[in-house]
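Just the one chain here, laid out as structure tokens, in the form predicted alone.
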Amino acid sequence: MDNGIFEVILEYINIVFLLFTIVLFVLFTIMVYLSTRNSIHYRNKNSFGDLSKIMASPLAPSITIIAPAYNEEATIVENIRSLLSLQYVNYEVMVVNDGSKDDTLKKMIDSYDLEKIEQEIDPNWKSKPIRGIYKSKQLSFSKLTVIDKENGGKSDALNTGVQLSDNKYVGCIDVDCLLMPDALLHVVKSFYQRTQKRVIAVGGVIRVANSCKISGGMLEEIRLPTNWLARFQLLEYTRSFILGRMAWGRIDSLLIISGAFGFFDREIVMAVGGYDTNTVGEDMEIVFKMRKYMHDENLPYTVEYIPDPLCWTEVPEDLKILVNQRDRWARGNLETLQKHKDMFFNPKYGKLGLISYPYWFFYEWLAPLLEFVGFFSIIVFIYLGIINWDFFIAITTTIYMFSVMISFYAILWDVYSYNQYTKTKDLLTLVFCAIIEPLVFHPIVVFSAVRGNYKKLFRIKSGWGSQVRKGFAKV
């Protein structure tokens, strides 16, 4: 094969990457515009009104917070204490002990004076066997219910909680997440602020709690993480939640609610059969499924999104754990896209089928694979001496500058909206992270996504991976 054919192939590849880059630039520009409009609208809409009236109202709806727990003996008591201190009246905390092998159950029984009770269980609901249901003997812990069951994974534990709940709404969270005291007030307001559409789900921003000071299950001081991996993830989360998901919320096309903080209309969750226990991306899949159900039934509905910093969680500080996490996300993404492939460019599902699903397909799934292939293609072209250096330098510089600019805007808008990090040193650190992230952190994310897709496509068995946490810093 002569150089002429190589040059033709290279030209076609250049065109493909150029068009792909232009489309992404346009999409991200539109996304920034939509997220800004939605943030301003949210601020104006919520600048008046007293949330405490919701808590005091006898009409306030009932909510069950479902928190799966597996081998959480070190932090379970404090985590439950935090959940029991939320500013709301009509709610229940349901901790599902998913077959823990340590003393998680014993810690809960001893600390909260629990005793086993009798409760009727639907034998037709699919979940691993329940070994016992516990309530506290003390009135002060009357909101707490503990379910002890055989291990079946997070999805199975959530399904158990949904089935045993009697309340109108269910909140599915990670047991080690820290919720702000007024979190449920914001959630309830989001469920009830619509009059013509049924709100079937409410999601929210996830904030990074690494290095923050925690006392008695309460956030005492917000600090920038000291670990560099955590800092990069903080920047990534800011971009994703403040810009990305706000934009999708603006056009009512949000297709994912984080598993760490998601609230749902229990009736609709039950109607679609609960969480899929055969995927590691259950938080994304349940939203796909609920949205499809409402479309198929021709019912007016919406999914709400709360940009207020209501939920704080610890992100991985170990490279291996981070890669495992992103590997799992990639597999869950692909599993969900495969399962709901009938939505792809299907006008029946409106914006979901024509905009949201294609975005997830081309950007969330395909883009990392193209980046990976493109990297090795460049190495081959350099070796063969046929690379167009002018084009390569121009497009690489443009992409880099654009990605840094998006990160700068996310930092700026977060400061304007919520001003969580007030120290000049912290803001300069985030700016530095934005400058080096495309060169240092992004390749790790791409590698993890490629590894996850490889495992899924070639049917290599892999579960959740290690999720070891250091625990929050305490005063």
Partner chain sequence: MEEKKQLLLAEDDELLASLLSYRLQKGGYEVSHMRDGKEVKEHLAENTPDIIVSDIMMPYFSGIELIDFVRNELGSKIPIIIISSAGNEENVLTAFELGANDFISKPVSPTELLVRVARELKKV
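Positions refer to the first chain, counted from 1. For clarity, every value in this text was computed on a predicted model and none was experimentally measured.
The same protein also exists as the form predicted together with the partner chain; that form is not shown, yet it is the one meant from here on.
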Heavy atom of each of Glu92, Arg207 and Cys311 within 4.5 Å of the partner chain in the model of the complex: no
Contact of Ile378 with the partner chain in the model of the complex (heavy atom, 4.5 Å): no
Leu84, heavy atom within 4.5 angstroms of the partner chain in the model of the complex: yes
The partner chain contact at Lys292 in the model of the complex, heavy atom, 4.5 Å: no
4.5 Å heavy atom contact, Lys154 and the partner chain in the model of the complex: no
Which of 231-239, 138-146, 348-356, 364-372 lines the interface with the partner chain in the model of the complex (heavy atom within 4.5 Å): 138-146
Listed residue that, although the partner chain is not shown, lies within 4.5 Å of it in the model of the complex (heavy atoms), from Ala271, Ile251, Ile222, Met218: Met218
Neighbours of the partner chain in the model of the complex among 346-362 [non-hydrogen atom within 4.5 angstroms]: none
